[in-house]
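Next up: a single chain in structure tokens, the form predicted alone.
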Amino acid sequence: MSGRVLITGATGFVGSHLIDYLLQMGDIVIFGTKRRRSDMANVQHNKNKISWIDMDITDSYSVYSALKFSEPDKIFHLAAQSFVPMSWNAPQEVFTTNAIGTVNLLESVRQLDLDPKIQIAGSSEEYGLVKSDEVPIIEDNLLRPLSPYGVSKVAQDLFAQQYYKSYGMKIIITRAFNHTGPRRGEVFVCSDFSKQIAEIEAGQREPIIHVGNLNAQRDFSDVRDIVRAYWLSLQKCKLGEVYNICSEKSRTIRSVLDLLLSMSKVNIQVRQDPKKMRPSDVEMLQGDCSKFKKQTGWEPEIPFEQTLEDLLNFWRERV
């Protein structure tokens, strides 16, 4: 299976796992985009196995040059500002990166007259305010985003649909629900808990874990299952369609914390931190991905307990 694959945001959490997955396949030329100041820690083990391109997704000429150089037949568009709480502090930056960045990518494809299959990595945060009778959430659910991040991803999603309809581009939109695993940034909830526990175990902080809203419910998958789904989306999904990708199970953040605490031998107190609370939080996210499963045959393979254990061990090694 030969081909030229471009991954935007390749140094990120998901991008690094997608590189791991694609390298197992062999006959694929992989191009990864990075910013000049990108942290390469996630991809250090694969740094010399793919071709790197310096690219700023917010700079249209930079994006055009990257596409002209790589001439991909598949694009995984993962470059994004993805930390939801930050989006309240820097809404302009988030919108520019996520929405205008997507326009830069699609415009470059159009101007260069390329014909790749393009996966647009949307988000469950697009659904936002979900009513109790709308759970589990299907793709046709109304989009009522509750954060600037969610708004930026809705705009990205709609731009992608418009380019498919206007120019016949080979676009597939995925809306992944929460995903985690080794290498997840420390600002994200499962990683935040895991890092704090690892630091407590190592005697680097007092035995108190600081938390935000523990009542929110989320639908978690393992990142390694998600990147396999992304690959399948370009193999088997219908062009111009939107697909949820999720575990179809909902769990409270409190239950995630309890599971992680059960993996540690240290006695740890839990304390709420007002700084970790959001101006408005999505209370309940649980997806229905029967459409994606039917189209691709995908099923999650990694149990959530293993995901958390791998994540905790990742932080233990680093601490």
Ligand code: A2R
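All values derive from a computational prediction rather than experimental measurement. Start at 1 and count along the sequence shown; that's the residue number.
The discussion below concerns the form predicted in complex with this ligand, not included here.
Engineer: If contact means a heavy atom within 4.5 Å, which one of 163-171, 197-205, 73-81, 131-139 is the stretch that engages this ligand in the predicted bound form?
Structural biologist: This holds for exactly one stretch, 73-81.
Engineer: Just checking whether Lys117 would be counted as a contact of this ligand in the predicted bound form - the rule being heavy atoms within 4.5 angstroms.
Structural biologist: Lys117 lies outside the contact set for this ligand.
Engineer: Is Leu308 close enough to this ligand in the predicted bound form to count, meaning some heavy atom within 4.5 Å?
Structural biologist: No, Leu308 is distant from the partner.
Engineer: Determine whether any heavy atom of Ser247 comes within 4.5 Å of a heavy atom of this ligand in the predicted bound form, and answer yes or no.
Structural biologist: Because no heavy atom of Ser247 falls inside 4.5 Å of this ligand in the predicted bound form, the answer is no.
Engineer: Taking 4.5 angstroms as the cut-off for heavy atoms, does Asp288 touch this ligand in the predicted bound form?
Structural biologist: Asp288 lies outside the contact set for this ligand.
Engineer: In the predicted bound form, do Leu67, Glu107 and Leu234 all put a heavy atom within 4.5 Å of this ligand?
Structural biologist: Result no, not one residue of the spot touches this ligand.
Engineer: In the predicted bound form, which residues of 4-25 put a heavy atom within 4.5 Å of this ligand?
Structural biologist: Counting only heavy atoms within 4.5 Å of this ligand in the predicted bound form, the contacting residues of 4-25 are Gly9, Ala10, Thr11, Gly12, Phe13, Val14, Gly15.
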